[in-house]
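The form predicted on its own is given below as one chain in structure tokens.
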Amino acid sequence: MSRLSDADVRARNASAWLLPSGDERTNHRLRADMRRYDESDEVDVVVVGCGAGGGTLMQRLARTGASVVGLDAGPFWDPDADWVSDEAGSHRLYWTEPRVISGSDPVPLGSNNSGRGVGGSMIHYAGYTPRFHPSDFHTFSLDGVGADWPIAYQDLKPYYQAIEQELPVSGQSWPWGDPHDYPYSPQPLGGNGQMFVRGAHALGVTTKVGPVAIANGRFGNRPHCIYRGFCLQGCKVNAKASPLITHIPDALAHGAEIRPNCMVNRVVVDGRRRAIGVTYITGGVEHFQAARLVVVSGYSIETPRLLLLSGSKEFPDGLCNDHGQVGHYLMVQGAPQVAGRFDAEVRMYKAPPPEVSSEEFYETDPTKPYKRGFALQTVSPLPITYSEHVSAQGHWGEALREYMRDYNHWAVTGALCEFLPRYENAVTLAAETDRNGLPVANFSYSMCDNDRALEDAAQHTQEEILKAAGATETIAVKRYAHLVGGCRMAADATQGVVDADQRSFAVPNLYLVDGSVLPTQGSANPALTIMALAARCAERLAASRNQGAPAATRAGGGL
């Protein structure tokens, strides 16, 4: 991939140049002067959720001249005032509203797999931004598991390339999947990456540095990474990409409005099964925003929850749930992590957490007793999170303190395992209610035999790599990461909730633009794919507007 000039990128997305160039990290004037719409205005688009999908879509549509209002349940973050170099002090970045978890393998919620506020979970993600592989889009045809997407990798490739330029992404040339380059050269290696490379190469496993959405150098008014080690707590210097700094400023500059602390509780549909707007609660008072097009970008728990809360006479079982698809096929990635103890100091926190990666085990290996695969990367947990690894081994008291005093000698790797979509893994409404009196989500999850075999293989591979690097002791912990699915895209309404353009089958002017639409998840972090899908959706919506009411618009689904 050739790197575009700053002028080229700025012409498409000026967010990095709209941030302050001095000591402050937030353009307060841009926020204060953003356009304000009255609730009585019927705007072109109302977007529910301002994270990876919603933030990207808003920026794209605002640039077409559409009137856009974004609603987010959390705050409009200020990196200077709100983010701290402290694990415990950063807990409010997570979605901590009550939820119920169930199933034979319940998934803990409220930390690494959910976000709250403008920017969504990308505020506290690690910055890792790999693409999906071409095989991810047709796993059923290829391997007999999962599902086939109604689009192919080539449909998304140009949007992957565009978002990689805008974030931007740094990394070495990528040999897996569809081989490609990145706009920026890779970040320098820290101690954890050096250990991973040493062990992997001893076993003949190929590794690459990156890809991370952290420019290797200055980008617009964003500075380079300072390697403070708190990527998962919000980047204080704006070096790490998130929609808050990569797409939202440009959206505001082009006339979009964002209303923080607004919890949307219903998508309102008329008797013709058309969305006419949303109701939301802020300051304890319910409001209504009319819109010609409604976009829900609440992610894999809150998007199906909102649709289920939006039931009506026309949709007695929940909005868009005519065929019982809403909330189902929700997936998590298996994310076992292994720590290794080295005689020399590692200081694993002194670099972006995903320094080095390998996708050598990503595809189905016919010699293995499981389908699909896993990816490997360094993860570099900070002390509180690392203590969870240690305590999981049963170490408490003095033994735990001794392990913690030894923290700088440990390196940690992680895997992302492609757990399979299953109908029974689902979000439903629980009997319990939240502070607004709304039923909370019940997320039921159970692993299958393929998931367990894959997770065991990923853990074993990591242990081999760390030992080959010289680790004198290893400890492992099994965990989950990322949530996708729940309102998947499909070729027809009996198999999913939205079509290939992310337009709901049931309501022609309702779109879902977030990770809930993914039919499969690959072994890749989903942020880049969610943003690429949002960019594709926005382009197709804009095209329908410019072409003067094609079929989608005549049915009520265009701008």
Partner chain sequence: MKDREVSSGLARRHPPVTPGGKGRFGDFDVLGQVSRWDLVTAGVVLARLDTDPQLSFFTAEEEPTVRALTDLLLGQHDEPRVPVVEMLDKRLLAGETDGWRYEDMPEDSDAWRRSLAALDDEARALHGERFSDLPPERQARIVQGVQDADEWHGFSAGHLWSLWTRYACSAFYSHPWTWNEIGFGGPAYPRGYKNMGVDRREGWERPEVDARDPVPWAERREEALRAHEERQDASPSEERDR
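Residue numbers count along the first chain shown, from 1. As the structure is a prediction and not an experimental result, all values here were calculated from the model.
The form predicted in complex with its partner chain exists for this protein as well; it is not shown, and the discussion that follows is about that form.
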| query | finding |
| --- | --- |
| Per-stretch contact check against its partner chain in the model of the complex, the hit in 306 to 314, 370 to 378, 390 to 398, 325 to 333 (non-hydrogen atom, 4.5 angstroms) | 390 to 398 |
| Its partner chain contact at G190 in the model of the complex, heavy atom, 4.5 Å | yes |
| R545: touches its partner chain in the model of the complex, heavy atom cutoff 4.5 angstroms | no |
| Contact flag, E363 vs its partner chain in the model of the complex, heavy atom cut 4.5 Å | no |
| Partner proximity in the model of the complex: Y403 to its partner chain, non-hydrogen atom cutoff 4.5 Å | yes |
| Selected contact from I151, I276, I101, A202, since only one has a non-hydrogen atom within 4.5 angstroms of its partner chain in the model of the complex | I101 |
| The unique member of H287, H138, H460, H91 whose heavy atoms fall within 4.5 Å of its partner chain in the model of the complex | H91 |
| Contacts with its partner chain in the model of the complex - residues in 66 to 89 whose heavy atoms fall within 4.5 Å | D80, A81, W83, V84, S85, D86, A88, G89 |
